[in-house]
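A single chain comes next, written as structure tokens; it is the form predicted on its own.
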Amino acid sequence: MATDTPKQSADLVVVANRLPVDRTVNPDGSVEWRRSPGGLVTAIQPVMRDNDGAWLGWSGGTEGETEPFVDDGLTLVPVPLSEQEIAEFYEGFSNSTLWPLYHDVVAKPEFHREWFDSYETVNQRFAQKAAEVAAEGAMVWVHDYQLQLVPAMLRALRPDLRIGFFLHIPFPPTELFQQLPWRRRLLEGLLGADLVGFQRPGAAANFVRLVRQRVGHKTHRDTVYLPDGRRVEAGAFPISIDSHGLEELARSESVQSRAKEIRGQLGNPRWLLLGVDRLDYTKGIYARLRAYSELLNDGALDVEDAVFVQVATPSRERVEQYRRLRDDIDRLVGRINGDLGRIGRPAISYLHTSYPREEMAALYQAADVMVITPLRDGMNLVAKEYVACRFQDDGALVLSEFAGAADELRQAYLVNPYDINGMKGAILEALTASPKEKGRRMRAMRKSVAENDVKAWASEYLRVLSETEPMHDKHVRSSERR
């Protein structure tokens, strides 16, 4: 960790649930901050450095107040959470109420008043901290579903700011959002922003429709007109990845060598299929593995020729629904391997762990077919990562039409993840397509990912936000006219 003095005020403030670093305590008791993986910081870091930026977020622990510090040239401002707030705000309202509700109620959301009270308290703390850090007229970019009340709270404290909000997950249709007892409070919270960004145009339309129906403001297309004369713009800004950096990594000798080694360790199968997901009930892992097991059972595939590698990164293991899912997947994999595997040839190689970027690039290089079948996903960057790594223009992508990435990666083999037979057909088609057909599809997808990378995403969002008109400018002109 660098020892530079943190900036007292920042012209660009990023407000996210988590800091881009994880706090680790060494055996000698000293504290170290390690950079956590993720494209967001890669995209925003250059812009933050150019604009004296600061990043606000929770450190992941319960260590109480921690002073702002500088790491790798970034000013980081920790926001503390208590053990109770982690249970109620984070595991409770954020991940057991909002997450399932926003993902088509794949799991039943829980509605508890004390969870919302905690959500409100924590959002106020984030808003207060952002108000202290932001320079006069600064841009503040608030991220994701954990902080939907922050824009309005921050505007009440600092009307001089340009405030943007971006939702990384889906935004639900009217019929589902209306189940939420605090629906109006969340909509009003988001309306504190000048620009509300979503992954897909349909999500922006859902938001504007709900504002019109539930809050009563006048709207036209993607614009909301507030009674005080302020306008809120909604729009789609599909997030992406550092495609150039990932391709460079995939081309490296070490990754190429590791990809060959992976195939060798799996017995050099004719076909290697790959799934990579957080272990989450929205990702469709259970149905995907069932579809694959049926292909083996039907005789369409054989364990001597094919293997499915499923990487399931541990996730939210303190939440009961996630513990149950892990047990269900463990049992399913055991049953499939017991019924269909042979000595030295398991049907499914199941890995409940996380891997560094280099190992993921090697897995992407090793796999003939990537199978990504979420029941609902805001974007799904794994699909784009696989495409970025296929610099030989080979391989095939089987992708759920309910992932945001399906809008851009239209040359993938698109499937309805609820349709097991359809999924089986798409997997077989992807495996047996001619090299020419695979090359045609992959080239088109690679072009899309290369042209719309994460830096282009961040630049475009911040450009649109910078062109919005802050409220205090309107007040100034109004008083000048008088």
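Everything quoted here is computed from the prediction, not taken from an experiment. Numbering starts at 1 and runs along the sequence shown.
There is another form of the same protein, the form predicted in complex with a small molecule; it is not shown, and what comes next is about it.
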From P356, G338, G299, G344: within 4.5 Å of the small molecule in the predicted bound form by heavy atoms is P356
Residue among S400, Q199, Q146, S96 with a heavy atom within 4.5 Å of the small molecule in the predicted bound form | Q199
Is the small molecule in the predicted bound form near all of I169, I239 and V276, within 4.5 Å of a heavy atom of each?
-> yes
Please determine, with the chain shown alone, which of 373 to 381, 112 to 120, 264 to 272, 68 to 76 has non-hydrogen atoms within 4.5 Å of the small molecule in the predicted bound form.
-> 373 to 381
Partner proximity in the predicted bound form: E247 to the small molecule, non-hydrogen atom cutoff 4.5 Å = no
Find out whether any non-hydrogen atom of R390 is located within 4.5 angstroms of the small molecule in the predicted bound form, and reply yes or no.
-> no
Residue contact check: Q128 to the small molecule in the predicted bound form, 4.5 Å heavy atom | no
Contact between F165 and the small molecule in the predicted bound form at 4.5 Å, heavy atoms?
-> no
